[in-house]
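Let's start with one chain on its own, the form predicted alone, as structure tokens.
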């Protein structure tokens, strides 16, 4: 017979959302928070059978590895800029809308900012307008389109059509793909389109310039606001469309797009250290460890920063692994010894930093 933690795992296990499809995006956008795990006393824990202990520890692994999106200063600032950009989304369909570019180094939560903002937009749109358009089509307020390395103009259109599940994605001619993509966006009344991993496009190369020009063309034809997400896009000449010198001043993207920077945390200032400690305290509240104590992570703030350099991606990697190590070792807490025993991602491990 399945125990209560087995039941919890069955309904709260890893959620394999495929955001690159309309079904996967809808499942993500409409998903509810996980139900909290049933509380366990020390005496109950000691009395667990082998199966109960295994299920409980696996349940805690799922819970600890999936904290809610933290309302950091970076996320709040990102949402604020996106709100400003979205002011142009109220324009009539014959008027051009602005776009946003979430641009930063890796592992700083760029895609998290984009998807969480878009999820809120998705929910508002369906609440106000319903699941169907006036013409009877499925309403899809948001489209999420991740790019691959070496993406081409044709590949971009196929990615958009694949999101909608259009049968012509891999059968239509190259010249027909773009018009089908525009038709999907208009028919489903998609108002927000996320283009993720835009750094895979080489804007200095002819093929990359073709993709850049095509994106501008789609923005002209699609009554939607675009959010582009990528690594170091400013340095990759996205805003300048691969142009140099005086020619760069004629780049339309620089006038149409608004950059949304995402900065790593810092501990070099008082406010920076307070923000870092506040973030650690919120992670601490979420974690399920039997010997967790208030201040467990905050007391290790400088060491955790040294190990992660303030990158949110490296921080979540560190905490996932520290929790697993603490559980498997029976320590059930995160202290200096546990942190020292954990190996994090290569970028964090090889970075040299002195707080």
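Bear in mind that the values here come from a model prediction, so they are computed numbers and not experimental data. Numbering follows the first chain given and starts at 1.
FYI, the form predicted together with a small molecule isn't displayed, but the following is about it.
- Segments offered: 160-168, 204-212, 270-278, 99-107. Contacting the small molecule in the predicted bound form at heavy atom distances within 4.5 Å is 99-107.
- Every member of the trio 70, 75 and 231 reaches the small molecule in the predicted bound form with some non-hydrogen atom inside 4.5 Å.
- With a 4.5 Å cutoff on heavy atoms, residue 121 does not count as touching the small molecule in the predicted bound form; it lies far away.
- Not displayed here, the small molecule is kept clear of residue 284 by more than 4.5 Å at the level of heavy atoms in the predicted bound form.
- Contact annotation: residue 316 falls within 4.5 Å of the small molecule in the predicted bound form, judged by heavy atom distances.
- In the predicted bound form, no heavy atom of residue 187 sits within 4.5 Å of the small molecule.
- Contact annotation: of the candidates 111, 133, 88, 152, the single residue with a non-hydrogen atom within 4.5 angstroms of the small molecule in the predicted bound form is 111.
- Contact annotation: of the candidates 312, 297, 29, 326, the single residue with a non-hydrogen atom within 4.5 angstroms of the small molecule in the predicted bound form is 312.
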